[in-house]
Ligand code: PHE
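Form predicted alone, single chain, as C-alpha cells, below.
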Amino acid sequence: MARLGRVLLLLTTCLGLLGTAGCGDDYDGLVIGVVLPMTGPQATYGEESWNGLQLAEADLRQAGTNIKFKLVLKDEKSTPQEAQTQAKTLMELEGAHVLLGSVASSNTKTIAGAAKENGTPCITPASTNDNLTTGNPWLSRICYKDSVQGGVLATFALSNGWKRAAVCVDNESDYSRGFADNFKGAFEAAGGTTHFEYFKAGNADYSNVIQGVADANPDVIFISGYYEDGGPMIKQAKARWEGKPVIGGDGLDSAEFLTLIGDAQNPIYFSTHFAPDAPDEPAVKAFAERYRERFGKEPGAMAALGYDVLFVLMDAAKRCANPKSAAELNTAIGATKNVKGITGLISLDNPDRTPNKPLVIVKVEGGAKKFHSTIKP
C-alpha cells in the first residue's frame, strides 16, 4: 500500500505539472509546437510542410545557433476541431512557446483562436484567407493573402481572353469562399462575368456542379478549393469540360492532384508560392536538389513554406533577449524585415503581418507541374 501511495502521489504531481513542460520533462529550450495535417484528405500538405521544417532544422543546426529549440509535431487530421485540440495540447501539456500551423485556413482559424486565448505567438506557413490575421495580434503568416491571389488569377484569365468564368466553390471552407469572392471582385471589376456552382468537400460524385458548369458554357473554369476535390472533379467532367481551361490557386498544388485528374486534357493553370523548376533562381534550385536527395521526391510549395517559416521564427527569436517570453517573441515576429526565404523576401512589419511576395503560375502539362511565370502583385 505504501508503494501504491507513492505511485499515486507521483501521478498527482505529474498531472499538476502538465500545464508547463510536461511531467518529467525538464527541457529548458524554446518549444516549437507544430500543427499539421499528417493524416486525412490534406495529408500531402502536412507531409511536405513537415519535410520542409525538418530540412530547415538541419540547416539551422549545421549553421550553428545560440538558441536551444525543439520541434513537437501534432497531427490535426485535416479537421478544424482536431487542429484546435492539438494546439491546446501543445500549449497546455507540451509547454509550447510558439505554434506553427496549419495549412487549410479553416483549421488555422481554430489554432489561431486558441493561441490568442492563451497569449501564444502563432505563424501559419500557408493559410491565405484574408481575415485570419484581422483582430488577432498573435497570428502572423509568411504567405500571401487570397485577395492578392484572386486578383492575380483574375488578371491572368482576362489576359488570355477568358471573359466568362464558372466558379466552383465549397461554401463550408473559409479558404474556398474567400478566394472565390476575391476572384469574383477583381474579375468583374475588370469586365469579366462569373457564374457560381457549389460543391461539398469530400463528395464522391460531383456531377451536379459539373453539369452546372457545362450549362453555363464559360470561357474558363475556376476551382476555388483543394486538390482532393479539384482533381476528381476534373477527372469526372471529362467530355463535358473538354477543351475548357481550368484555373485554381495554391489549394491545387499537390503531387496527388496530378494523379487525381487522371487523363484529363484540359489546359490547367494554378497560382502558388514556389516552383522547383523556376529559371534563374539558384536558391530554389539548390533547395529542390537537397529536398529530392533527402526525401526522394519533388518538393511542392508547402515544402518551401515549411522551410521558410522556421527561418522566419528563428530570425525573430534571435532578436529577443528572452525568446521564451510570449510577448517579446510575438513583437519580434511582427517586426520581421526582409528575411530571405525560398519563396521570396518575407517582411511582416505591416498591419496584416503578411508579406508582399511574387506569385508563381504553374501549368499542368504531360502529367507534371511546370513553371509558367512569376507575377508580382
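Please read these numbers as outputs of a predicted model, since none were measured by experiment. Residues carry their position along the shown sequence, with the first being 1.
A second form of this protein, the form predicted in complex with the ligand, is not displayed here; the remarks below concern that form.
Chemist: Heavy atoms within 4.5 Å of the ligand in the model of the complex: which of the stretches 122 to 130, 86 to 94, 288 to 296, 207 to 215 has them?
Modeler: In the other structure, the partner sits against 122 to 130.
Chemist: Of F187, Y226, F199, W138, which one comes within 4.5 Å of the ligand in the model of the complex, counting heavy atoms only?
Modeler: The option sitting close enough to the partner is Y226.
Chemist: Of I142, L99, V103, A304, which residue is found within 4.5 angstroms of the ligand in the model of the complex when only non-hydrogen atoms are counted?
Modeler: When the ligand is considered in the model of the complex, the option within 4.5 Å is V103.
Chemist: Residue-level contact is defined here as any heavy atom of the residue lying within 4.5 Å of the ligand in the model of the complex; does E76 satisfy this criterion?
Modeler: Heavy-atom contact with the ligand at 4.5 Å: absent for E76.
Chemist: Quick one: is H273 in contact with the ligand in the model of the complex, heavy atoms, 4.5 Å cut-off?
Modeler: Residue-level check for H273: yes, a contact with the ligand.
Chemist: Should G251 be classed as touching the ligand in the model of the complex when contacts are defined as heavy atoms within 4.5 Å?
Modeler: Yes, G251 sits close enough to the ligand in the model of the complex that at least one of its heavy atoms falls within 4.5 Å.
Chemist: Check F257 for me: does it contact the ligand in the model of the complex (non-hydrogen atoms, 4.5 angstroms)?
Modeler: Because no heavy atom of F257 falls inside 4.5 Å of the ligand in the model of the complex, the answer is no.
Chemist: Which of the residues spanning 173 to 198 lie within 4.5 Å of the ligand in the model of the complex, based on heavy atoms?
Modeler: Only a single residue, Y175, comes within 4.5 Å of the partner.
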